[in-house]
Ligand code: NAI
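A single chain, nothing else alongside it, follows as structure tokens in the form predicted on its own.
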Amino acid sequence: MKKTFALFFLSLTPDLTKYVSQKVKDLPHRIIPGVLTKEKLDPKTEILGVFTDSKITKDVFAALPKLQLIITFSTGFDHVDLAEAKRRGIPVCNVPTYGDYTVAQHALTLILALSKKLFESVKRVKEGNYDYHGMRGFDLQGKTLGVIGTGKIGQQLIRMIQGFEMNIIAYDPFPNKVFAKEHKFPYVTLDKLLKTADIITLHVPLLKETHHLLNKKNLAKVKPSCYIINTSRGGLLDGEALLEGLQKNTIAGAGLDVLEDEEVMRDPVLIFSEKCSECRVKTSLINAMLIDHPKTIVTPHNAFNTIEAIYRIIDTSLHNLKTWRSGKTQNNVV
């Protein structure tokens, strides 16, 4: 085993922090609660572990001259400057799968909550108004679900949704024809999915090619009765275009677990930082308006967050670390 120093930035409950420490007790390490900041970095760090809320930029690489490995406790890796990691020959190991059922369950929860006006109904009763008028929802049976991205999470949602007797259509640049045949749904073009679906759900990674996949042009194609679900990455969806559609009644509603540039929502003080651009301020204002909009349900990037999924994330991440220390590398996305 390589004798190296590890630095983890993990927002974990005390029991999980203790669990991680026990797993790496033979490794000199520090676990720092919260997100990575340059001031908290230790130049002797050789292994850096983070969640998606910590950004590993060129400045971070420059501050860690001994860095040899990055462990991200997530499937997504858009918070890491992969080009810089590749240039420096540093592996970036992720968790390829941990929450396919977990995230799909959250997407389904948002769909059900929107269809039955659950948030508004609960809020009304808690405010002392026990009246169902104005709370009329809609049945899922017979409606069409458009699934964008049929990886593990998209597939799991398709399995779940079939119990509601919905019609399913999907778009994916790399269609899984065997799965489609088994579950009796067609792949269609993105254009047809946008024009046909009653509910559109996003399950693709955030890449340069998928940034603002649902933009003003594409959202203009959806039916006025269509709902948008995003449990993937905030940057897949143009928030300004979505807000405009909600306000103009060309989109019926949205269930969002992710927002673009959402770290500002966790720490509003960032708005006042010297590095905060005008664009970032605008995005934050749009996010605030989406959160407050009567046609949306917004949750705080919580889709992954179940007891079982968290332990799967930690165990896979620490196995990535153990494998690297033994001289091999697994789940490297660089």
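Numbering starts at 1 and follows the sequence shown. Computed from a predicted structure; not experimentally measured.
Omitted from view is the form predicted together with the ligand, to which the following refers.
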Exercise for review: Run the contact test on A107, I251 and G255 with a 4.5 Å heavy atom cut-off to the ligand in the predicted bound form and return yes or no.
Suggested key: no
Check your understanding: Exactly one stretch in 152-160, 123-131, 108-116, 217-225 has heavy atoms within 4.5 Å of the ligand in the predicted bound form; which is it?
Key -> 152-160
Exercise for review: Tell me, out of L213, I169, L140, I71, which residue has a non-hydrogen atom within 4.5 angstroms of the ligand in the predicted bound form.
Suggested key: L213
Check your understanding: Taking the ligand in the predicted bound form as the reference, which of L237, V103, I229, V80 has a non-hydrogen atom within 4.5 Å?
Key -> V103
Check your understanding: Is F304 close to the ligand in the predicted bound form, meaning a heavy atom pair under 4.5 Å apart or at it?
Key -> yes
Practice item. May I ask you to state whether I148 is within 4.5 Å of the ligand in the predicted bound form, using heavy atom distances? Key: yes
Review point. So in the predicted bound form, does any heavy atom of G89 sit within 4.5 Å of the ligand?
Key: no
Review point. For A241, is any heavy atom within 4.5 Å of the ligand in the predicted bound form, or not?
Key: no
Practice item. Taking only heavy atoms into account, state which residues of 190-209 are within 4.5 Å of the ligand in the predicted bound form, ordered by sequence. Key: H203, V204, P205
